[in-house]
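Only one chain is shown below, in structure tokens, and it's the form predicted on its own.
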Amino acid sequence: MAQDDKRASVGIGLIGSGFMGRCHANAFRSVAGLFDVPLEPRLNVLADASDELAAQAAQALGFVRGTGSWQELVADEAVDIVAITAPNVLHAPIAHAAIAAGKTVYCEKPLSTTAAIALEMTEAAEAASVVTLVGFNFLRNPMIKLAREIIASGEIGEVTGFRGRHAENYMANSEVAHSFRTDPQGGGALADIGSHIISMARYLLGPIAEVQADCRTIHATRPVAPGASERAPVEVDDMTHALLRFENGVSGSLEANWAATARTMDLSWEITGTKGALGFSQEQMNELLLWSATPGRSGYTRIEAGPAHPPYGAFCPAPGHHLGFNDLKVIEVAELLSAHAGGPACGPDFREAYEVQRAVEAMQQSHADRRWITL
């Protein structure tokens, strides 16, 4: 690791410069100004589909240089952390190469295209004792951490039910063309955004034991490319509904839907207990609803995010001023840097991401077999 006048630095290599790549770059640029991180990120190499694209993205996002070869990036001695925001099918080969090089791997979800491949990645990382982190960044919301603490404390009593949903509208129009998302290896709505509500359910309530699911394709065909008249069949789900049974006895349901007209970011859930209830929606991500049965005061109380809910205070000293989506990525990167420097392990790691993918595939199998599936 290089040294500067203030603190040690860590070399960052980013693969992919699309939506999530830009989020990663922003987080690595911002984190040292907001958190007392042990290492200061140095944006050294960016890889993309071609040398030209990579050079343009490197200049725009603040990297020292770009390359059209992810293999070159992984092998570069100036790269200590490999951040993967490439298409899903590339996650496994990139991660295996980075693991073999002994580098920390920061991968966007889903971890891979199948649970079997995700398990191979997990076992390789664990055998090499490298730090891994998968980008389920919605778990970094201080309100989600608070909800977990409330559940664990027993404040809402014994949990009896869960209802979760991740619904967006970016595939609602049948003229949206095929892409890596609609490729069978992309996994459809369930794998793409359903993995977020599955990870949230596991974070709050623990492992899922059994599932029964119904997957539906709303738009049977889509253009083969943007603006094309030729159309091709859609082989993945646009919407999935599932019943769940958790290992702790809680039962519930979830929905994954990327064709939900009028919804832009409905990652939401409700948890009921014998003494109270909790409610949350990412569309109001700075609020947590807590229901109390206190006589004369029953009803939901809105808890507003503020400095009392770490690490909100790293961003703003005043409550009610709100964190945003990119702030969650900054929190995620702060935890990654701490783990890379030898601090507490951060999660979700590859093992947890594999478990999420197992749940996705169990739901897909349940739909195919028309029966309950035990994980």
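Numbering starts at 1 and runs along the sequence shown. None of these values were measured; they are calculated from a predicted model.
The form predicted in complex with a further copy of the same chain exists for this protein as well; it is not shown, and the discussion that follows is about that form.
Screening 74 to 82, 256 to 264, 225 to 233, 122 to 130 for residues having heavy atoms within 4.5 Å of a further copy of the same chain in the predicted bound form returns a single hit, 256 to 264.
The closest heavy atom approach of E283 to a further copy of the same chain in the predicted bound form falls within 4.5 Å. Though the partner is left out of this view, H178 does not reach within 4.5 Å of a further copy of the same chain in the predicted bound form, counting heavy atoms only. Contact check for P184: every heavy atom lies farther than 4.5 Å from a further copy of the same chain in the predicted bound form. In the predicted bound form, no heavy atom of H340 sits within 4.5 Å of a further copy of the same chain. Contact with a further copy of the same chain in the predicted bound form, defined as a heavy atom within 4.5 Å, is made by all three of S30, L290 and G299. Shown without its partner, this chain lists R148, R202, H96, H241 as candidates; in the predicted bound form, only H241 has a non-hydrogen atom within 4.5 angstroms of a further copy of the same chain. Annotation for 147 to 171: interface residues with a further copy of the same chain in the predicted bound form are I150, E155, T160, G161, F162, R163, G164, R165, E168, N169 [heavy atom within 4.5 Å].
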